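What follows is a single chain, given as structure tokens, in the form predicted alone.
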């Protein structure tokens, strides 16, 4: 993938994903696009080089974050909002349960990761934590604390008598859902911090194995989207 400055502007009718290969939120959207069979052009935004803070990207994302999806002539940021838009406009295959109660439980699982776990490990948050408490281990300890808290809650929610476990290999039963698309990238982050998912969260580990056995899961994963060079 080339740098964003060398990429052409979106053409009429074109879908363009501005993303970073290791970004959890970017992975969610890549996965949804591939699972739903939506053609798109990927443009890499290098967070380590600060490309997200360029004027061009801030015009797409006021928070200067990834992902941003240009689709149907508009720029959408915030990954869960993007997933919801894709579900509303391109509902087949569906990534939400059909019934109201399971759908609400799925959204609860989504929020555990997307609102209360992953954002606390964004690069900007980790940098700020290190400024407040300088040290070689600050980022890892901070990230580990919030991953453990989030995964404990996720696993406990799966075991609630009125909401799970559902019959099937995924978070919400027999089909992939938005909950899985949020959970599995966080598993990737957990492993980067040295956490043993199978030992601590066996149900999450089983869901991860099932999800990564799917074609869209493999094709959307970070290693499959790492820029060359």
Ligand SMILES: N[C@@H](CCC(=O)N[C@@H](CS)C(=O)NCC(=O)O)C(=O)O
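Note that this is a predicted model, so its numbers are computed, not measured. Numbering follows the first chain given and starts at 1.
Omitted here: the form predicted together with the ligand. The next part is about that form.
J.: I'd like to know whether residue 64 contacts the ligand in the predicted bound form, with contact meaning heavy atoms within 4.5 angstroms.
T.: Close contact exists here: in the predicted bound form, residue 64 approaches the ligand to within 4.5 Å, heavy atoms only.
J.: In the predicted bound form, does residue 28 come within 4.5 Å of the ligand, counting heavy atoms only?
T.: Judged by the heavy-atom cut-off of 4.5 Å, residue 28 is in contact with the ligand in the predicted bound form.
J.: How about residue 52: is it within 4.5 Å of the ligand in the predicted bound form, going by heavy atoms?
T.: Output for residue 52 is yes: heavy atoms within 4.5 Å of the ligand.
J.: Give a yes or no for residue 197: in the predicted bound form, does one of its heavy atoms lie within 4.5 Å of a heavy atom belonging to the ligand?
T.: Contact with the ligand, no.
J.: Go through 96-104, 121-129, 138-146, 154-162 and give me the stretch that gets within 4.5 Å of the ligand in the predicted bound form, heavy atoms only.
T.: In the other structure, the partner sits against 121-129.
J.: Just give me the single entry in 43, 187, 34, 47 that has a non-hydrogen atom within 4.5 angstroms of the ligand in the predicted bound form.
T.: Looking at the other structure, the residue within range turns out to be 47.
J.: Though the ligand is not shown, can you say which of 78, 75, 116, 87 has a heavy atom within 4.5 Å of it in the predicted bound form?
T.: Here the answer is residue option 78.
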